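Structure 1 and structure 2 below are two forms of the same protein chain, each written out on its own as C-alpha cells.
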Structure 1
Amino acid sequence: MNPGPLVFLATFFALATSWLGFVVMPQLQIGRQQQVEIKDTGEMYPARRPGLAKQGEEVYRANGCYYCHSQQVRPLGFGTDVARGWGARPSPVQSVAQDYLYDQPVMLGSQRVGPDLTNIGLRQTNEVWLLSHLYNPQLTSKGSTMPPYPFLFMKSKLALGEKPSPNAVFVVNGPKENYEILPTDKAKALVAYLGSLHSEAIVFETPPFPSTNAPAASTNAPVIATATNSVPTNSPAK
C-alpha cells in the first residue's frame, strides 16, 4: 500500500476540523453582528469612529501600541481588571464581542506592559495630558517605562516675544532658546482615537448588576475613580 494518500487525508481532516471549528463556526456565530440600539439612550452601539479617530487608529497600529497595551477588560473574577478601574460597565461582564464591531484591525493585545486602554476615553479626557504623555511619558507619569514619541511632534522656535500657538502642548522659555512643542496631525489623530475608546453601554451580553447590591449602579464614577495611576482629572464622559 502506498501510505502517501493516507498522510494527505489525515492532514486534510485534522486541518479541516480545526478550520471549521475555530474559523467557520465562530464566524457563523458572531461574524454577522450588527449595531444594536441601547435601551436607555436610543443610540446605536457601537458607534462608527469619526474620521480623525479612524486615522488615529492607523497611528496606533503603525506604532504598535498594542504590544504593550491590551484592549479587553476581563469579567469580574478574572484578575483585578475591574478593581483597577479598567472596566466601565456596571456589570460583571466587561468587554464583549459587540464592542469591536468597527475596529479595523481589532487590536486586543496580548500584553499588559501598560494599562488596559479599553476605556481610556472615559478615564483620561484631558487632551493636553494625553499629548504631553505621548511626547514624554515622564512628564505625566514619573518612572514610566513607556517610550516617548517625540516623532509625533514638532519643535518650533519662538522669536523673542512671539506668542505661542494655541495648539502648543507646552512652551519652553529657557535662557538660551524659546520653543514650543506642537502636535503633528498624527498625534492629534492618535489622541482622537484614544478619546474614542470607551465601552460603557449596557448591551444584551452585559446584564447590569442586580440593583440591590450594585457597586456602581447609577454612575460610572466610583468605578472610574480608582481607575488610574495618573492625574486625578478623570471625569466620567457623560
Structure 2
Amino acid sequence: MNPGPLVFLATFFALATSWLGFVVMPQLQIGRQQQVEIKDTGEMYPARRPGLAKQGEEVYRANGCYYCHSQQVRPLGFGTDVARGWGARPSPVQSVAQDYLYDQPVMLGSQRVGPDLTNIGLRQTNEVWLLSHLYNPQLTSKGSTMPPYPFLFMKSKLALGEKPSPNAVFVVNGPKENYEILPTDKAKALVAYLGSLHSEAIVFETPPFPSTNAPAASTNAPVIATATNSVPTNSPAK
C-alpha cells in the first residue's frame, strides 16, 4: 500500500488545524470586538483618536518610535511595569486587546530601550515638557539615550526687544543671538498622539481588585510657561 496519500492528508489536516487555531479563531474572538460602554461614565471605550492625534500616529510610526518604546503593560506579577507607574488600572490585568481596537497597525513594540508609552497621556500632561524632550531629551532627562528630533522644530531669530511667540517651546537669550524654538505641525501632532495614549478604563477583561488601594498613575506634571529662558528638567518616569 502506498502511504503517500495518507501522509499528504495527515500533513494537510495538521496544517489546516493549525491555521484554524492560530488565524481564524483569534479573528473570531478578537477581530470582531466593538466599542463597549463604561458604566461609571457612560462613555464608549476605546474612543477614536481625534484628527490631530491620528496624524501624530503617522509621525510616531514614520520615526520608528516603536523600536524603542512599547505600548503594552504586563499584568501584575510579571515584572515591575505597574510599580514604575506604567499601568493605570486597579486590576491584575493591564493591557488587553480592546485597548488597540482603532490602532492600525498596532505598535506594541519589541524593545524597551525607553519606558513604555501605553499611559504616557496620563503620566505626562505637560505638552511643553514633551516638546522639549522631543527637541533634545538631554534638556529634560539628563543621560537619556533617546536621540533628539530637531527636524520637528523651527529655529526663529528674535530681534532685540521682540516678544517671543506664544507657541514657542523655549527661548534662548544669548550674548550674540536671541532665538526661539517653535514646533512644526508634525511635532504638535506627535504630542497630540502621545496625549491620547491612555488605557485606564475598566472593561470586562480587566476586573478591578476588591480593594481600592491599587496604584494609580501620576499626573502631577510640573506647570511650565510656554515661552521661557529655561527648559523643564523634572518630570514623571519618562
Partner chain sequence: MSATISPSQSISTGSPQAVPEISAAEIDASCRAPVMLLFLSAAGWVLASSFFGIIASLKFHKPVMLADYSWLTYGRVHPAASNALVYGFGLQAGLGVLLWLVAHLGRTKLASAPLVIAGWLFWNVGVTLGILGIIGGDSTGYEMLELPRYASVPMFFGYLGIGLAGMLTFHQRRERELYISQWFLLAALFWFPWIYSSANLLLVAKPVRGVMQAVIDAWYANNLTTVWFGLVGLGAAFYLIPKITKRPLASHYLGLFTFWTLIIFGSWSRVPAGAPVPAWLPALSTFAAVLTLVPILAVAVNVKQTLCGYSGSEGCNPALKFIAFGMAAYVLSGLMSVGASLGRVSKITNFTWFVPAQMQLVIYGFFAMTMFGAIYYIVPKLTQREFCKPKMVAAHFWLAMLGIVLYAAPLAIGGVKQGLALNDAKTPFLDVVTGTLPFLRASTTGDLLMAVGHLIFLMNLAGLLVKLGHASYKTAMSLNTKAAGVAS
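The structure displayed is predicted, hence computed values, not measured ones. Superpose the two forms; the largest set of C-alphas matching within 1.5 Å is the rigid core. Residue numbering: structure 1 sequence, from 1.
A.B. asks: Which depiction, structure 1 or structure 2, is to be taken as the form predicted together with the partner chain?
C.D. replies: Pick structure 1 here.
A.B. asks: Keeping the rigid core fixed, work out how far the Cα of L20 travels between structure 1 and structure 2, to one decimal in Å.
C.D. replies: For L20, the alpha-carbon shift amounts to 2.8 Å.
A.B. asks: After fitting the core, how far does the CA of F8 move between structure 1 and structure 2, in Å?
C.D. replies: Between its two positions, the C-alpha of F8 lies 8.2 Å apart after core fitting.
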